[in-house]
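Shown next as structure tokens: one chain only, the form predicted on its own.
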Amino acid sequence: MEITMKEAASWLASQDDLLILCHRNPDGDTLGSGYGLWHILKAMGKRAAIRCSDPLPKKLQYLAEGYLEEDFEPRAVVSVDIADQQLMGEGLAPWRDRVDLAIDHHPSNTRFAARLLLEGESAATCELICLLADELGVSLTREMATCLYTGMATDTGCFKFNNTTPRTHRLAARLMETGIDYAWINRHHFDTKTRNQLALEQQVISNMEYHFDGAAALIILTENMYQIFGVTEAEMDGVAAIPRKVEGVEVGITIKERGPQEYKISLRSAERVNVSAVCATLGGGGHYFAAGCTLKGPLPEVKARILEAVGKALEEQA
């Protein structure tokens, strides 16, 4: 059941002992939303906890500053930035069918929760958490704003992706006014990399493939590559933006090995191709300009499947 912002705020206000779920392989938006909402609930005098199947990436650990773990039996479950139960990971398996409220900005959300607060036009789920704070009558603190600004900045590529709206900028300005160190956040996420990350990026770029007369560019990251360069997958979270940066590329394709014959596919569109629709044909989804899916099988087969789907989409837009 889809509900309004006002209805979601009313429901949250009536609950206590809340468990907040973040998706596996967590990014800035799911963790920013999770910890931001936790601070809001604590300001309301409620008990709350956060769970994620995977550890916090090193680059996002600052979001957990001030977080205190409490021991209680959850009476309400909220998911943030999770479009599909499969994205919860094994660690959240006990809660997959017990989500009372899902807060999300992915149009491809599978409606798995009892209640859904969904705004597909929002640049990040953190935007919705900002608006929920207003509806709940909670004044934004620097701690809340640090979390929420992180999610908005990372999901918009530092406010330069197509999903950025005037409201995104207005909300970001409000968060900046709380006194957060936004310059550090942006430098930390967009302008700072380890030598190992840069070395792996260099190899990825040198092995980049071009298809469909240069309209698509494809990169591959394997678990062996992570081991050789001493880099984790989480540290290479922004690598999917690389193929789309090439002049003339309409669709950027990133294939990341996740396990034996399992690959995460990330697609990024420059202007014309709806990559969410492309991923939907392969069991995934996302946004018009950024989407993903998971494919299983030998790498050559996986690569052929995604190229076939992208090729059809490019042909339709020709």
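Position 1 is the first residue in the sequence shown; the rest follow in order. Keep in mind it's a predicted model, so treat the numbers as computed, not measured.
One more form of this protein exists, namely the form predicted together with a further copy of the same chain; it is left out here, but the text below deals with it.
J.: Report the residue, out of 112, 95, 210, 226, that has at least one non-hydrogen atom within 4.5 angstroms of a further copy of the same chain in the predicted complex.
T.: The residue in contact is 210.
J.: Find the only residue in 234, 246, 136, 220 having a heavy atom within 4.5 Å of a further copy of the same chain in the predicted complex.
T.: The option sitting close enough to the partner is 246.
J.: Taking any heavy atom pair closer than or equal to 4.5 Å as contact, tell me whether residue 240 reaches a further copy of the same chain in the predicted complex.
T.: No, residue 240 is distant from the partner.
J.: With the partner left out here, check for me: in the predicted complex, does some heavy atom of residue 172 sit within 4.5 Å of a further copy of the same chain?
T.: Residue-level check for residue 172: yes, a contact with a further copy of the same chain.
J.: Would residue 191 sit within 4.5 Å of a further copy of the same chain in the predicted complex, counting heavy atoms only?
T.: Output for residue 191 is yes: heavy atoms within 4.5 Å of a further copy of the same chain.
J.: With the partner left out here, check for me: in the predicted complex, does some heavy atom of residue 186 sit within 4.5 Å of a further copy of the same chain?
T.: Answer yes; at least one heavy atom of residue 186 falls within 4.5 Å of a further copy of the same chain in the predicted complex.
J.: Would you mind picking out the stretch of 125-133, 158-166, 100-108, 84-92 that comes within 4.5 angstroms of a further copy of the same chain in the predicted complex, counting non-hydrogen atoms?
T.: Stretch with heavy atoms near the partner: 158-166.
J.: Using heavy atoms and a 4.5 Å cut-off, decide whether 149, 176 and 205 all contact a further copy of the same chain in the predicted complex.
T.: Yes: each residue has a heavy atom within 4.5 Å of the partner.
J.: Within 28-64, which residues have a heavy atom closer than or equal to 4.5 Å from a further copy of the same chain in the predicted complex?
T.: Result: empty, none.
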